[in-house]
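The chain below stands alone, shown as structure tokens; this is the form predicted on its own.
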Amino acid sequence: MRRLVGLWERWLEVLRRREPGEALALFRIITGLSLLLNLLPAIRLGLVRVLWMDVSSGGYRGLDGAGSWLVRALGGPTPEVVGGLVAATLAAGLLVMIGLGGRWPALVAGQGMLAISMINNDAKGSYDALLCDSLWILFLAGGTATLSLDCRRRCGRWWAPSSVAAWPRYLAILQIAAVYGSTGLHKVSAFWTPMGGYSALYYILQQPTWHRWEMSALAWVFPLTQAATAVTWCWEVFWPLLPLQMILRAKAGAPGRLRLLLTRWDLRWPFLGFGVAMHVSIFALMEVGPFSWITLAYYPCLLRSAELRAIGRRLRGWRSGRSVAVA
């Protein structure tokens, strides 16, 4: 019984923990931007009617009875329903990005995006589900304490030393670790392993449905794609160890040789560095929608406020130095 009480008290301690809100604010900004990048191309290319409306309204397939409970409750995937959902979701996503309206725009954007993505199973990706998860975390957390229009209206400036609950950031870390870890474990094709010659990325980049342009020239650097395949698979599979190491490092000074070995190096920086390089490469070479933006939104949550501020100072210093050099 005492052990259960102790566990409950530690759990309450985690829920009560407070911290500066910069990481959550950056998570909010990039998530809102990701939602806009998810919907605006479909609007610009005139695909809203084709993808998300019934064939009777100009769509390419019958969608009778399709969609979430919200679409069915509103009357089905008609032009009025779909157009209203897209407009409301875009407006809510913009409010999320600029940080206006507190937590409620995140709820509207999340439910709208969920409803739209469920209309046509042929026109959605796994990143739609991750985006909805991100918006749900933001609804639970808020996220407009700083770097937001709400903060500007409340304090007269964009940044304020307001504290927020720490547990939503922890939840975001667990979410992205689960995404990467499960993605690695689902790569069961032999082409991701020595048995397939680590050739998965090479073949992916030869497929017109994925690549941005013709890439047969990669045959000359096939060993580089093999190395990238092996490192990417290992990086994904071992991602769930990162939250564990963060917990162990937070208890610095605790006894144990194994703990000392596991916490000797801060694994966040190599994991984040490789992740940024990987997603930039994906964005440059492949056409996978806003996948990279949605996942990169989680990266600030792995850093403490002081670390984010230090990065910001370095970037401002680099920009100032570059401006002086140009002048």
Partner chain sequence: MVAGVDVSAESGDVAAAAPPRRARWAEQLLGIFVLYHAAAVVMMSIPDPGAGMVRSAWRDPTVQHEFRVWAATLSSVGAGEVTPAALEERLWAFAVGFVGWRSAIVRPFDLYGDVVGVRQPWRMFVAPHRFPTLLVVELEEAGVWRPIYVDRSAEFTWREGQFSHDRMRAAIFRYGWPRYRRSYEQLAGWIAGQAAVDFPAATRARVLMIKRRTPTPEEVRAGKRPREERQQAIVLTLDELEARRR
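Numbering follows the first chain given and starts at 1. Quick caveat: nothing in here was measured; it's all calculated off a predicted structure.
The discussion below concerns the form predicted together with its partner chain, not included here.
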At 4.5 Å between heavy atoms, is G275 in contact with its partner chain in the model of the complex? no
Contact of D150 with its partner chain in the model of the complex (heavy atom, 4.5 Å): no
How about P270 - does it come within 4.5 Å of its partner chain in the model of the complex, if we only consider non-hydrogen atoms? no
For C234, is any heavy atom within 4.5 Å of its partner chain in the model of the complex, or not? no
Thinking of M1, L241 and F283 as the candidate spot, does its partner chain come within 4.5 Å of a heavy atom on all of them in the model of the complex? no
Checked A88, L94, I173, C155 for heavy atoms within 4.5 Å of its partner chain in the model of the complex; positive is I173
Go through 106-122 residue by residue and record those having a heavy atom within 4.5 Å of its partner chain in the model of the complex; state none if no residue qualifies. Q111, M113, L114, N121, D122
